[in-house]
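Read the single chain below, which is given as structure tokens and is the form predicted on its own.
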């Protein structure tokens, strides 16, 4: 489990200034947290509640099926993942953190619509040794379908009818355009459980399939996620309450996730989507207007010590910083001595990991001394069990915060209008009236 700093805050000064001097205030909410935990578990039995992510770590048979497919696809040297948002961010984050030095296949993520990098990627790949994964729960994601049209033609031009053996689909098990397309062309297809939303789907085939092909041990990821499930109330619930109280009662409306370690950079990107789409809501579960939710931001230590830290420490006091660091960084590099550079003598004989850890601690202390709240999450290592634990921890944290705010953390109505306008501008059938209105408005 990612260990919470037992003091929650890096100094009691921060606690006093934020009205959380001791754990009594947090303890007073224990009954409400326990009630929220029971409510989430009870609602998880309802397929429409979108809480199927809780059970994903237990789906070991599905994981074994993914592993069998990855063995059959051992011919692939490159895997292109076509997906966007929740269909890419989780796998992208875990692959960056956990990819082996010599992966069985390199993963390439096309989660954008910029033609230049897509064309560059096509020019670098060999169709004969490339596998394309098309990932969209709905089966109708415009960006994903557009990329698939390009890659499907590229494969067909090089391989003829053999292109079908170079494409696999991850989508709804029964409905949607991609599921129908996969059936019509005999493509290998994996299901996205209907009760799992995209941003919560990293431990479904959405994330596990590309990760397995890239050489990440997915069974160890799931083992870590099961640990998070077992201690959800004790750990994720407690951290959710901490974030909620500081946002709701102390005005800390910006939550900055700042992992220390280049390998964890994209975990922060994944966290931003998870919190932004889940908690940024205009209405509560009863339909009343609330306009709630903290604003999540991604940072990276130590890089952003040289950019954001000035603002975090001395700018508006409306931010909470969540620092993530690992006790065991894995392979380390010693810092050799160089007598001709005496100004660096304090570094001699130490290591890069020691320096990184000192920077993480230095940042938290600097923020604490300025009265800025800091929550530290300590991983035992940057390895599959710890990362599986961390991501499932954040999903539980988000679910608990949704309960505390009284919003549905598992829908995203705010993104639908942008899709409607996109479809209208592209001339999709059924959106002619919207397009006509936009033209009248001169858009």
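Source: prediction; values computed, not measured. Positions refer to the first chain, counted from 1.
The same protein also exists as the form predicted together with a small molecule; that form is not shown, yet it is the one meant from here on.
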**Prompt:** Exactly one of 130, 363, 204, 87 has a non-hydrogen atom within 4.5 Å of the small molecule in the predicted complex; which residue is it?
**Reply:** 87
**Request:** Could you work out which of 273, 317, 303, 295 is the residue within 4.5 angstroms of the small molecule in the predicted complex, going by heavy atoms?
**Result:** 273
**Item:** 138, 141 and 415 each touching the small molecule in the predicted complex (heavy atom, 4.5 Å)
**Value:** yes
**Asked** Would residue 199 show up as a contact with the small molecule in the predicted complex if we use heavy atoms at 4.5 Å?
**Response** yes
**Request:** Please check if residue 419 has a heavy atom lying within 4.5 Å of any heavy atom of the small molecule in the predicted complex.
**Result:** yes
**Prompt:** Though only this chain appears here, would residue 277 touch the small molecule in the predicted complex if you measure heavy atom gaps against 4.5 Å?
**Reply:** yes
**Request:** Could you tell me which of 63-71, 35-43, 407-415, 381-389 sits within 4.5 Å of the small molecule in the predicted complex, going by non-hydrogen atoms?
**Result:** 407-415
